[in-house]
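This document opens with one chain alone, in structure tokens, the form predicted alone.
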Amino acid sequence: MRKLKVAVFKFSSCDGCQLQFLNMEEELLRLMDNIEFALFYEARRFAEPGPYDITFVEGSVSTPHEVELLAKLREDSKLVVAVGACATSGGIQALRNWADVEEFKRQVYPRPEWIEVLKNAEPPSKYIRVDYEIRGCPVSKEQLMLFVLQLLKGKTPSLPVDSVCLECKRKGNVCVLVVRGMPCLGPVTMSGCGALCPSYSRGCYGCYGPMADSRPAVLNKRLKELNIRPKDIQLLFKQFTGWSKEFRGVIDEYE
């Protein structure tokens, strides 16, 4: 069987989602019988040119140069898969979309005129067609592995669409929102993390972004009823996936 030729590429990000490939460790070694990392700067010194069967892209698009690189990757790839919060909703970098980026440049760089940035940090889907999105900050290595295995078996990959609340129910967690009145994005956030934070009696931070048909306005109303301060509600939605269209609606209400 021909090996799948895979590229892993990063844009503006912390590299954490790329590292999840390496964190597969023994499982990754078994995958090497069926896939070849032709481009993966975290894992090998040399890069092979496209075309690629699958390109995984991490990070948000923040500069004009990244727009050009992204377009070339799309041209060279049969499938483009966005991995992680930055690549699916802009991630942490998108926090600057509500701020004055020119002021940041003036404060940080001695020659700010040399720094070219786009007005907003955006997910790759803003510029190209993305075939699949694997959510998380970082992505789950188990989800990555399952995704690749499904492709290797010729299946159409399936990914979660329901909420973190269902993962809490399956684990038998006490609901931190209903029982303890704690702010929690679990009702509107895509599952996939195994309800990690609620399992430790913490509210969900929304790392996996909006679930399908998330209706965050309903949760916003409930948080108001709990007398959560407007600024705290805004910050809750703004954190990891705030630039997603669904969460932005709530955030803008408090701007």
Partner chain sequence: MNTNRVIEVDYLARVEGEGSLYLEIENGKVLRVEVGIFEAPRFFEAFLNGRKYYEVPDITARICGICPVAYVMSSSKALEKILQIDVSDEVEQLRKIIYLGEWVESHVLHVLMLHAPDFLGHDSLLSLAKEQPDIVRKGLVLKGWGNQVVRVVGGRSVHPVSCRVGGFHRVIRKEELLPLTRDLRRVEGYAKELLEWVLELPIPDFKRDIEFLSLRNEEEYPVLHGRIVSNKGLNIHEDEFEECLTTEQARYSTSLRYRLKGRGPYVVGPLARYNNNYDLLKPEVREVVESHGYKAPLSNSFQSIIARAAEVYHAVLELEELINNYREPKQPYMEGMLCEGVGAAVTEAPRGLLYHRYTLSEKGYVVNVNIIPPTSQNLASIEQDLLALGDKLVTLDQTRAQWLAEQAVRNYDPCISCATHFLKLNYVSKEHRHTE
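Positions refer to the first chain, counted from 1. Note that the structure is a prediction, hence the values are computed from the model and not measured.
What follows is about the form predicted together with its partner chain, which we do not show.
No residue in the set S77, Y132 and L149 has a non-hydrogen atom no more than 4.5 Å from its partner chain in the predicted complex. Its partner chain in the predicted complex comes within 4.5 Å of no heavy atom belonging to F247.
Shown alone here, L73 lies farther than 4.5 Å from its partner chain in the predicted complex, counting heavy atoms only. Taking the partner from the other structure, its partner chain in the predicted complex has no heavy atom within 4.5 Å of any heavy atom of V67. Within this chain, N34 is remote from the site of its partner chain in the predicted complex, having no heavy atom within 4.5 Å. Contacts of stretch 16 to 54 with its partner chain in the predicted complex, defined by any heavy atom lying within 4.5 Å, are made by G16, L19, Q20, L22, N23, E25, E26, L28, L29, M32, F37, Y41, E42, A43, R44, R45, F46, listed in sequence order.
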